[in-house]
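Take a look at this one chain, the form predicted on its own, written out in structure tokens.
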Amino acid sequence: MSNKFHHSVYLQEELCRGCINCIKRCPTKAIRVQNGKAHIIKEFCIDCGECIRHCPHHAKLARRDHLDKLSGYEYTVALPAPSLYCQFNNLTDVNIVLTALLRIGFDDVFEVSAAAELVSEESRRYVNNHPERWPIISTACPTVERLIRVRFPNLIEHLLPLLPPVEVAARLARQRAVERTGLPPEKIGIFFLSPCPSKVAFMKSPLGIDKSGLDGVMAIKDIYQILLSHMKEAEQDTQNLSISGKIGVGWGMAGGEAAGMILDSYLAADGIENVIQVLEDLEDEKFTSNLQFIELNACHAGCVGGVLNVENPFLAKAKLKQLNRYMPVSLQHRSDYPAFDRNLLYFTEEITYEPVYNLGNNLAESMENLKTVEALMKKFPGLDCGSCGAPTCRALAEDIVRGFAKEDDCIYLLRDYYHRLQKSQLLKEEENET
């Protein structure tokens, strides 16, 4: 199996009670419960955060950086996600939040929404110029990219070969910081304020490029209270720092990316279950040939629904829509950056299939193991109860083939075995009596 992916999501074992909530909610069947504790199969995990969202004991967590990491750099830049703005009540000016970020220790801010407007412009150009690849799938959500790589290899050719806005923002922010300070690039720290764990994973093992321009990723919920304590001061002395408009900020909610591209035909889906349904339908060729673009967000309501946020995702989406009413349509255009090569917006490495679900090292071995899986499935009750610690009977059968489990992990087979054993014992006792 491949082990090249970095993972942000992890288990805090002492908090785990061994319940099966997580294995039922994981979209890639990446969790098992063994010996009373959950276990994450790293190869299957796509860092969607669903286990964090649904764990009643808060045993699933996400690795991320904290403000103390700022001390390692001479100059630091915060990259706020658009979803940060809708965590606060009655916000009418994003400059208040941006000013507060300077007050908590950052030297500069560069909005991810500003980079999103540049990506929107280039995406629109690419989609219009490549009808042979329709429908083209957004690559803004790292979770969706990973999902396609491990489960839908036939759809890799439909991926939009553009870097996500956070990566473009990191490059532009560092370039601007070098120009302003004269410092070497390595002494400048670029930190993303993230709504989800998948962006942490992206920084450590990016897709489409060799190395991310980010130096750290912090959770919105970690800095929320600190920011809140500086908001009133920032409101009294607000700096004009915002460089984005409706199109960029709209990326924070489901449908925002597609709407900002101003295309004739697009589809937008949010929530990992809905994303998987769309990908399955696309693989089965259920969509019309004139569908140009598909925007997919692993979190419900889009990035505002990320598990590292504070606000309810649907209320946050409403807040973001209201905030957008006061903004200009767009403030960023490719022509504003004459020194920035447009090619730097594109992938430099090929996105490849990662066959983590294969049952063997080659086709012949996989086919033989598949026969074993099908034979095991005939033995199992087909209830998908999760009592064995696997999410489905098929997952248990595949685990047995891979050597991770055994048949009597199924409580129904184990019960039948004890019944047969008991019956055999009774027959022996009757024979002995006669």
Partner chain sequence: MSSSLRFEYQVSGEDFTLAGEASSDIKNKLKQMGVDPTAVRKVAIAMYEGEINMVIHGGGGEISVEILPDRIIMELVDHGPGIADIDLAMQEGYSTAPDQIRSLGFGAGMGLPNMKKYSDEMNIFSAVGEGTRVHMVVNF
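Owing to the predicted nature of the structure, the values given are computational and were not obtained by experimental measurement. Residue numbers count along the first chain shown, from 1.
What follows is about the form predicted in complex with its partner chain, which we do not show.
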Distance check, Ser366 to its partner chain in the predicted complex, heavy atom within 4.5 Å: yes
Given that the partner is absent here, does Glu285 sit within 4.5 Å of its partner chain in the predicted complex, heavy atoms only? yes
Arg151 versus its partner chain, in the predicted complex: is there a non-hydrogen atom within 4.5 Å? yes
So in the predicted complex, is its partner chain close enough to Asp65 to count as touching (4.5 Å, heavy atoms)? no
For a quick test of understanding: in the predicted complex, does each of Glu280, Tyr353 and Arg394 have a heavy atom within 4.5 Å of its partner chain? yes
Its partner chain isn't shown here, but in the predicted complex which of Leu370, Ile41, Leu61, Cys385 has a heavy atom within 4.5 Å of it? Leu370
Considering Leu183, Leu359, Ile209, Val310, which brings a non-hydrogen atom within 4.5 Å of its partner chain in the predicted complex? Leu359
Where, among 100-108, 285-293, 78-86, 344-352, do residues come within 4.5 Å of its partner chain in the predicted complex by heavy atom distance? 285-293
